[in-house]
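One protein chain, two forms: both are listed below as structure tokens, the first as structure 1 and the second as structure 2.
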Structure 1
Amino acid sequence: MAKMSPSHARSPQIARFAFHGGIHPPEHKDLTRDRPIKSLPIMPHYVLPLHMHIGAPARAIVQVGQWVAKGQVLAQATDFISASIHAPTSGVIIAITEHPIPHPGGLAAAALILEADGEDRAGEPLPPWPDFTTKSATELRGRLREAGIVGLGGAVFPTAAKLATGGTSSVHTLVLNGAECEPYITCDDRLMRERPEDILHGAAIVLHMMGANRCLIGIEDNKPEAIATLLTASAQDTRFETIAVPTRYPAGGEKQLLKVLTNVEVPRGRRATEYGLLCLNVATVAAIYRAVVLGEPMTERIVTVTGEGIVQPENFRVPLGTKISDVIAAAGGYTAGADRLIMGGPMMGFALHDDEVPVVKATNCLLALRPQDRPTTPAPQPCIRCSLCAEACPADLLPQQLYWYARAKQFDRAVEYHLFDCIECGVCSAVCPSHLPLVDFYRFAKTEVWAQERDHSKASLARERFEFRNERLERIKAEREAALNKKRQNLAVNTAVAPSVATGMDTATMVPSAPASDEAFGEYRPEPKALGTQRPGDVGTEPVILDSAVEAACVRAKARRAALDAERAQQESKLAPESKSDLP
């Protein structure tokens, strides 16, 4: 394929397709659109939750009091869907304890507390792989897993797991998501304008891993500078196509962007990789480049700090674990009247209970608002069945029905109406004339379904363990009975040894039987036997089995009887004459 000329590359393609629904809310991106990315100074403390990604939490491999270097692994991935955590700077681990985390419910979770030493000393880095084409897809996925790379578009799904489930030969097109459709947020916009080479190199690594030959870069048309920058940077590589996407929220949703760029509509329950498509955020592929080519694990991310409640809105490159209060302070602090702090955008973000929680891998924006900066939310009114929510839903769902089933706690029916296809974009809530908090009901229903599934899994596991225990006890009982029966059979064989009446032979010892008289018994003594022997001469009666001790006792008894008989005979002989003299 011939290479494109720079002049041809400067003309962006225009998306020819559209997705269902969507809205165009106020953008408010002018607050930070032209603010270059800045780095934060080293903070005194960093809080690193062990669970800042989708999947299983990481397992801490450091101890309290241990000094760690920048980039050192602090917690390792524990499952296929998990991600490692690295030190954002050098210092000492002073605690491993529960700490509040960014969560809509204000929950706490296990976290590492790092006290910085101010030296920012780096440890032994990962080996750089500048020529990544010599590495296999398996090796590259291992590097991404080792570096703790996750999706930075909001899902924070471990990238190594996503590339593994995508297969190595079925994907032919990589889609880079640069839409950044959420109001206020400009971190991806600034990244595309300042670091386009990192994005393109990271995309080239993914193309090599997946064996793909085409990359589509989708950017909303309200970011002309980012479109021009990437067009120029990719002009000499025919694999890349930069496409301007109409500004319409939520164009940054994966299925929505794929529909706009390729006209492929991924059905419910199917994955984009089944259609040869793989979608990654532009910040994710930039992190892939730094992990593979430079050997840098994920220790920081770009965060937009914005809103009318911030003195000086900025885009910061923030080390993971930095307290949000420190980030806000670096932006000049809060303005008078700021009363709400949101992590994320106004559509999909959630309000924080406190700003002492840390920046995590999912933190792309910190939005501070005053009451006058956000629309007032009237009290919810009854649903009037206007169907505006269904017309605006980008996932082509029936939000009204989902609302009724979630409210009535009929979660099975909500699942039947594709509850989990909801991307929680907030469009339905934004257009509802009754001001119903629809997304809140959907999140509640999802949480309840997940809780029921966990309870069901626990009950199933308990039942399996109970049944296995009963089977094990029955098996042990049967084995014991079988062993006892075998012992009884062996004992019966050993004890049921009778002499042959016809031949006079002892069938146990195969020696001739002795005469039946006592005198003969005293002269004939068979050899003692381990299990006993039959007393000779007991013909016509039940055989008597005598062991060596019983046989010896019989001999002693006969000797005493013989002595008594002799003594009695002697006394009778002395008395005989006297008896005769008394006769008349």
Structure 2
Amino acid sequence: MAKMSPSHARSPQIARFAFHGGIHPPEHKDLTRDRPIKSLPIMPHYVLPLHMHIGAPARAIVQVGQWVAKGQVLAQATDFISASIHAPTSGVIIAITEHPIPHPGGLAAAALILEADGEDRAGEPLPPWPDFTTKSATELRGRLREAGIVGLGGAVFPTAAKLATGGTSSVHTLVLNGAECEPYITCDDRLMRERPEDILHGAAIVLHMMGANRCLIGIEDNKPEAIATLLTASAQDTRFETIAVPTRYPAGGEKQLLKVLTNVEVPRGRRATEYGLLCLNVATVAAIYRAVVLGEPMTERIVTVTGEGIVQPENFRVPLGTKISDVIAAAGGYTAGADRLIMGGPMMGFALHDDEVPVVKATNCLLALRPQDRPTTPAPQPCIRCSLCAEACPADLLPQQLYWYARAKQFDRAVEYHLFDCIECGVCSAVCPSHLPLVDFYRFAKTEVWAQERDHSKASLARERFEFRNERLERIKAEREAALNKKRQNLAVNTAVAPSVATGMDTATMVPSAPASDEAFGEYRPEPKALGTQRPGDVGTEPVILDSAVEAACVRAKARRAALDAERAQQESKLAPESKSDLP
């Protein structure tokens, strides 16, 4: 596959284009940029949330008490956009329960709790495919789905689904995102420096799958070692171009990076694949390599543990499900005064409520800070419409306008101003001279819009079902009416036939007489139906119970309720016997 190209330049290309806006915050990457990736010892417990990707939650296929091998599928993808979850080590599933997960609201969600047996015994692996070129794109996508591969850049979108949207031959260029633009984070930097072959192999697999023949690797120019490493590693292969991207946050945003590298601006509501481009994070393609060539499912990721609130900042290869408190302990614990733990970077991350939550597929960084390390945020002042935010917005939005509408709760107007194109990068909040927490307003507005949509779709469903029920009741009523009329007519015929037979009249020429009177109807006895017997009152389709049966059941139920209440009262009196005995 390697094509020799002696003229291939050894110095990186420099990106010639730029995205709109952006800022250059202090980098703080020196804390961990020279810390090699270390492995962690096996921890006693792992917590694996069933929903650590975008899309439908995975469905658990193991049982409580079951022993599982390392790499065994614990929960299966349930939908096209969903991802499987695998055991990070061997052990026993001790519970499938609600457990706190990393979430801005500090909420809990369904998770598998794995108690490690310490042996780290691997089960039957997926068959390694060293010669992936003999496999079709569909087979390879199936492998990525089986291995639970999701985008590791932060969005955790299932990669199999992302590659499926590209079609067969429309993608001509793969863009590898090694920008890592957020301050503090160095996990991709370390990966590029330590395992460039994994990345290039993974990229070659994706190129093969998409039928593409060009791969651009975009790396911010504050990572010269990573650029040099990849340049050297890819020197033999002309398909790869390593491009130094000027350090400017958020150059690692997908649309921003594509603009910088290719000058293609992907419009709102369109996908990069429609323009022949596909963007994947470097860690994602490394995981693709391991899944396809080595048959390893996604059971670990690299996490930067950093910040002035950590004793010894490190880069760790962390098995998914490891508790964050265990990871922090492995980094020497917190320094005195550390009071905030953030998952993700300082710009886009969110503060964790506590550290007893697991590392998930989205956890690229754990950042602990002391109060003195954070930029002081003075009290917000009113917006003065200076429009600095609009100048800095990398998504070309009007942040101040969005802010007004979000504040006034005019969410429909905010949506008209493309609220959902906001990537929540935090640049507007950072440049705001009034120190307004702008991104908080956009997050608030987005979840409110989703809540409104939920209410709306629920109301539509209720309306539909209400109307359907009314229609059904009408229909049943009409059917009953028709049945009654028919019976009346039959009765009239019968009563008319009887005398006619007696008088010897020809029944064939007989015309039904006037509708039978109510008295005659009252004497009518319905014929037994072919299937089963008919009870009195069993006329329509609605079930009807004899009143006496209901009364008897009510009496029984009342007795049962009374017994339950008595039992409860007894228990309460047991719990508080003293207070009862005090009563006169």
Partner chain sequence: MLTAILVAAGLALAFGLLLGIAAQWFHVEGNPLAEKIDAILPQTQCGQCGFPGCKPYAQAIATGQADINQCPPGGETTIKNLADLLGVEAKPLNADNGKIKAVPLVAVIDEAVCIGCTKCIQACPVDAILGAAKQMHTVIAAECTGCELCVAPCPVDCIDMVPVDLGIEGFRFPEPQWLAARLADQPAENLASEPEATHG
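For residue numbers, the reference is structure 1: its sequence is counted from 1. This one's a predicted model, so the numbers in the text were calculated from it and none came from an experiment. For clarity, a rigid core is taken as the largest C-alpha set superposing within 1.5 Å between two forms.
- Message: Given these two structures of one chain, say which is the form predicted alone.
- Response: Structure 1 is the one predicted alone.
- Item | Large Cα move at E464 between structures 1 and 2, threshold 2 Å, rigid core | Moves: yes, 2 Å or greater.
- Query: Does the C-alpha of R59 move 2 Å or more between structures 1 and 2 once the rigid core is lined up?
  - Reply: R59: C-alpha displaced by less than 2 Å between structures 1 and 2.
- Task: Look at T134 and decide if its Cα position differs by 2 Å or more between structures 1 and 2 after superposing on the rigid core.
- Result: No; that C-alpha moves by less than 2 Å between structures 1 and 2.
- In Å, how large is the CA movement of Q489 between structures 1 and 2 relative to the superposed rigid core? Its alpha carbon moves by 9.8 Å.
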